[in-house]
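So this first bit is one chain, no partners, the form predicted alone, shown in structure tokens.
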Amino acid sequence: MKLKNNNAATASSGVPPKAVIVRIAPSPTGNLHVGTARTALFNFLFAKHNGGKFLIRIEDTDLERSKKEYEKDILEGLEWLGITSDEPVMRQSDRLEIYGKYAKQLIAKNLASEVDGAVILKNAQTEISFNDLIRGEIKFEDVPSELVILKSDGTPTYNFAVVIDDYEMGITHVIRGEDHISNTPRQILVIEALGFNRPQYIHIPMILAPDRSKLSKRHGATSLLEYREKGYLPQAMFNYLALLGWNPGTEQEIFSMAELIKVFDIAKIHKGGAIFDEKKLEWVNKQHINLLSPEEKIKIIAQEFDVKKIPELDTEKICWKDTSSEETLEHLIESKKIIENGDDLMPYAEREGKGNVLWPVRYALSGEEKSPDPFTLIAILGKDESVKRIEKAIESLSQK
């Protein structure tokens, strides 16, 4: 099919009706990609901004490639971001009879026929055009005269199932990646054959790597939950993804979810690809960390870093740089006394050298070379557990 785009964007004409209903429809053939997460986020923001509904549909009719562990990863990743469905999650694998029913309707109307067990939709149109709320009118020429809608094994093709699901879910706006533009004319053929109303279409730009190639594993993590494992805050990831291909038209870059819902305007989505820059994500994450209260920071660190486990100590790592075992032992003994008394450890550390004191205390508390600072660890573990761990380090060092 040939595509023509008159580039006359008409986003301002896409005033949402009273009942906005949108969806994200991932296939559980892989973990949740940041691109799919960003598409979900745009749908979510659009729905909430307009007082509508956001729904989730799992497109799992590819029985060979669809896996429950991928579905779990997708739903867990969206929930981590704070994106949940306003209705129970729909699964296409539960709806095979419904697709068959609609296929029979088309056969009965002589709009489709069975060939070798498959159902094929007939089409007499040569051109199809539709209005994209971001990109304006898009026209396709040389539309196919036939379209398989039901395979010989009874499973629906992608474009057939999508149309039926969107209709039955009451979807008003289809917000998806621009890679789906080529699917739209085929879906419109099915819509018209079934007598459904078209939803409004909004195709958003792809997320690109810094070299403007398709974002892939070679550019770093692409699975959303990998960023959770790296320690990023969900509110920071939510904030950053919202700025990929959209901006509010102001200088503001740090937003809460409530602020983003309030200012989100679908007309301000860009047409060009958005560059994923992990350095910018790190900056956004730091800004959100700075907004946390001390109590919230400690809670998050406790969740992200398993300080509750009993640390296994390597005596070779307890001492700071060239500090001797004897000196380190003295610092640990004195630090234990200070912590037992509920006093501030910092004056002693500043007098004796921060590294000399704080490194062995931190290592004694965590058993890790990389961990939160000792003051945070003490706050998480509590005085009694902290003292026990320092005593263990003293004993290990004494035996050495």
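Predicted model, so just to flag it, every value in this text is computed and none were measured. All residue numbers are counted from 1 along the displayed sequence.
The form predicted together with ligand GLU exists for this protein as well; it is not shown, and the discussion that follows is about that form.
Asker: Taking heavy atoms and a 4.5 Å cut-off, does residue 352 contact ligand GLU in the predicted bound form?
Answerer: Because no heavy atom of residue 352 falls inside 4.5 Å of ligand GLU in the predicted bound form, the answer is no.
Asker: Is there a heavy atom of residue 224 lying 4.5 Å or less from a heavy atom of ligand GLU in the predicted bound form?
Answerer: So residue 224 does not count as contacting ligand GLU.
Asker: Examine residue 186 and determine whether its closest non-hydrogen atom to ligand GLU in the predicted bound form is within 4.5 angstroms.
Answerer: No, residue 186 sits far enough from ligand GLU in the predicted bound form that none of its heavy atoms falls within 4.5 Å.
Asker: Counting only non-hydrogen atoms and a 4.5 angstroms cut-off, does residue 390 reach ligand GLU in the predicted bound form?
Answerer: No, residue 390 stays farther than 4.5 Å from ligand GLU in the predicted bound form.
Asker: Among the candidate stretches 47 to 55, 339 to 347, 22 to 30, 367 to 375, which one is within 4.5 Å of ligand GLU in the predicted bound form when only heavy atoms are counted?
Answerer: It is the stretch 22 to 30.
Asker: Ok, 237, 112, 190, 162: which has a heavy atom sitting within 4.5 Å of ligand GLU in the predicted bound form?
Answerer: Residue within 4.5 Å of the partner: 162.
Asker: Let me know the one among 255, 130, 158, 80 whose heavy atoms come within 4.5 Å of ligand GLU in the predicted bound form, would you?
Answerer: After the contact test, the surviving option is 158.
Asker: Only counting heavy atoms and a 4.5 Å limit, does any residue of 54 to 72 reach ligand GLU in the predicted bound form, and if so which ones?
Answerer: Counting only heavy atoms within 4.5 Å of ligand GLU in the predicted bound form, the single contacting residue of 54 to 72 is 59.
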